[in-house]
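Coming up is one lone chain in structure tokens, specifically the form predicted on its own.
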Amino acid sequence: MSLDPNTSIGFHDPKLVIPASAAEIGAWSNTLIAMGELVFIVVIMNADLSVRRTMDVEMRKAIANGDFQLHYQPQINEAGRVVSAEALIRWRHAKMGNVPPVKFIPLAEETGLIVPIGNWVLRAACAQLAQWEAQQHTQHLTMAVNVSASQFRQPDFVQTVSEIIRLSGVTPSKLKLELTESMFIDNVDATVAKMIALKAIGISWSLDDFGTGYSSLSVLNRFPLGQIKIDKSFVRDMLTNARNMVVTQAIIELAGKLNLQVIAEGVETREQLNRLREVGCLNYQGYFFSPPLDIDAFGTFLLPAPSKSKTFS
């Protein structure tokens, strides 16, 4: 049986046919719902843009007024001694309160403000490091500072860092700059050249979040690194995930063969610490020891206390 192409197929029972008035109401309802959703989306987008504009303006004021602060998270060696600290930026806003880095760092990256912010962090860190060098009980400390991709890619990055070091008077070998694996993907030759130039004056390089990227082994082979940081995701799950434990141990063994220092970040429990020590990791950072501290609290943390020695017992 064939159908006439001009034949329409539909419901012809009056009981099943939607009245024209009802269909018109339904169409208007759908239109109103769609318009309402569109208005809602526009309102949300405008609100987000307004927040971003406000945050951008406030970040610029913070840079100009010096409203950022540095906190320091201790890095501990196998003997339980504080040997270094990672400088971490904090922002205490007069009205917004404590603004976590996750709230403003991504926007700073997008707007380019991360470059002046990163340079401020480096200047402040070097100034503090110079003060530590001037005191006998802290002159052994080194400082780790994160470098953003935008900051590192600036044509004058080497000159800027060198000048900050010179003006602060700090010993360059006490400064450790941290990069992430994503920064080694493009412009490899230029990246290597910058790293070598700063290594030549004594600065060391640390690879942050090691194991989370796709080019870890090639990075270790091609770039002048002095340290790798085992990512906290491996440390967090290594006691419950056999694969993570295998990877963690392999990283430590590989680093040893390449004469690279290893530090595990995100250490939160004694069990994690003990397991890391068993597989040969000799440097640690995490809340098991201390959260990031302001400079006064960090100074107090450095004071000898019986409770600290028990950490490694």
Ligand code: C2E
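In this text, residue numbers run from 1 along the sequence as written. Just so we're clear, the structure is a prediction, and the values are computed from it rather than from any experiment.
FYI, the form predicted together with the named molecule isn't displayed, but the following is about it.
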| property | result |
| --- | --- |
| Contact assignment for the named molecule in the predicted complex, among 220, 124, 88, 115, heavy atom within 4.5 Å | 88 |
| Contact residue in the predicted complex, chosen from 194, 176, 232, 93 - any heavy atom within 4.5 Å of the named molecule | 232 |
| Within 4.5 Å of the named molecule in the predicted complex, all of 158, 162 and 202 (non-hydrogen atom) | no |
| 4.5 Å heavy atom contact, residue 276 to the named molecule in the predicted complex | no |
| Exercise: residue 268 in contact with the named molecule in the predicted complex, heavy atom 4.5 Å | yes |
| Residue 97 within 4.5 Å of the named molecule in the predicted complex, heavy atoms | no |
| The named molecule contact at residue 107 in the predicted complex, heavy atom, 4.5 Å | no |
| Stretch in contact in the predicted complex with the named molecule, which is absent here, among 144-152, 77-85, 185-193, 130-138 (heavy atoms within 4.5 Å) | 144-152 |
| Partner contacts for 92-107, taking the named molecule in the predicted complex and a 4.5 Å heavy atom cut-off | 101, 102, 105 |
